[in-house]
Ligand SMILES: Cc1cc2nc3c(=O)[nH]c(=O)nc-3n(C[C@H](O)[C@H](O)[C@H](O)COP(=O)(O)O)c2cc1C
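Starting off, we have a lone chain in the form predicted alone, written out as structure tokens.
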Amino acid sequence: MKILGINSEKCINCGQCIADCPQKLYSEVDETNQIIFEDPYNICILCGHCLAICPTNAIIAEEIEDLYEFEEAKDPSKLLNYENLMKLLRARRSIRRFQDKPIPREQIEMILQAMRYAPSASNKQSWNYIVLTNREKIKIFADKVMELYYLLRKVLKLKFLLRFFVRGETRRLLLDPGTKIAIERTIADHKAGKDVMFYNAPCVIVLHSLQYGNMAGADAGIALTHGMLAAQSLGIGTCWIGLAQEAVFRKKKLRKWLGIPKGRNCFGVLALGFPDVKYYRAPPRNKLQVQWIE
């Protein structure tokens, strides 16, 4: 998409594009009061706010899909009230028990579309997705990630040395006796043939992105959250698999196996499937720690 200018016959000089453009690329010509668009340094981030806010659809753009125009766009609060939104958010669970049936491709594509419209820093939209639906390849992926557990087990045998080289929360976790027990149980289940990584999910989505400052991870989190909520609306459960994300992020060979191009890295791995479990209530969460500055 590229913004080309303004249709002067449609423009009513309301100034909304001037007020809303984050890059300040719209201005008013003093002599004629006509609003113009100028971007000599190509700094437009293609956020589309001008297209969305113009009441007469006077912005001219090329390579643009059909704009989605609907009445509630003017007041999104009419789409979903706060009470129902909170029910949707609190009902979301990390699902680790999936039915043995595939997700129709069209529903996976609907979930990806929801991720497409997530916000991102400076409208980077740097996400690319790898979708695995082949059971054998998902198993290979899980086995490759499990190599981290086997490595951790070896590392923990040297924990008497770790106390001198590791600090903070990582040190606490590595020296916690519960960590060793959890690792041993996971490895035992894996050796018994259980899918302890993706829980027999019929679909796994890997998000990879360029690294840009500290925002790539945050943007990925927003996109995958969009996907998780969209999946929930379709009756599909999800679980963010942090260890798989860490394995892909750290292991060059695993990124190569997945086909992630050089210069990009993994910022999220999501398991998806139809839940084989039903919850009857939403559990509590810790009280917020809030500091008000007024």
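In this text, all values refer to a predicted model and were calculated from it rather than measured experimentally. Counting begins at 1, following the sequence as shown.
One more form of this protein, predicted in complex with this ligand, exists but is not displayed; see below.
Using a 4.5 angstroms limit between non-hydrogen atoms, F249 is distant from this ligand in the predicted complex.
For the chain shown alone, G263 is not a contact residue for this ligand in the predicted complex, no non-hydrogen atom being within 4.5 angstroms. Put simply, I236 is far from this ligand in the predicted complex: not one heavy atom of it is within 4.5 Å. With a 4.5 Å cutoff on heavy atoms, R285 counts as touching this ligand in the predicted complex. The contact residue chosen from R185, K137, K124, R92 relative to this ligand in the predicted complex is R92, the criterion being a non-hydrogen atom within 4.5 angstroms. Taking a 4.5 Å heavy atom cutoff to this ligand in the predicted complex, the contact residue among G259, G242, P55, P40 is G242.
Here the chain stands by itself, but in the predicted complex one stretch of 70-78, 187-195, 92-100, 112-120, 92-100, has heavy atoms within 4.5 Å of this ligand.
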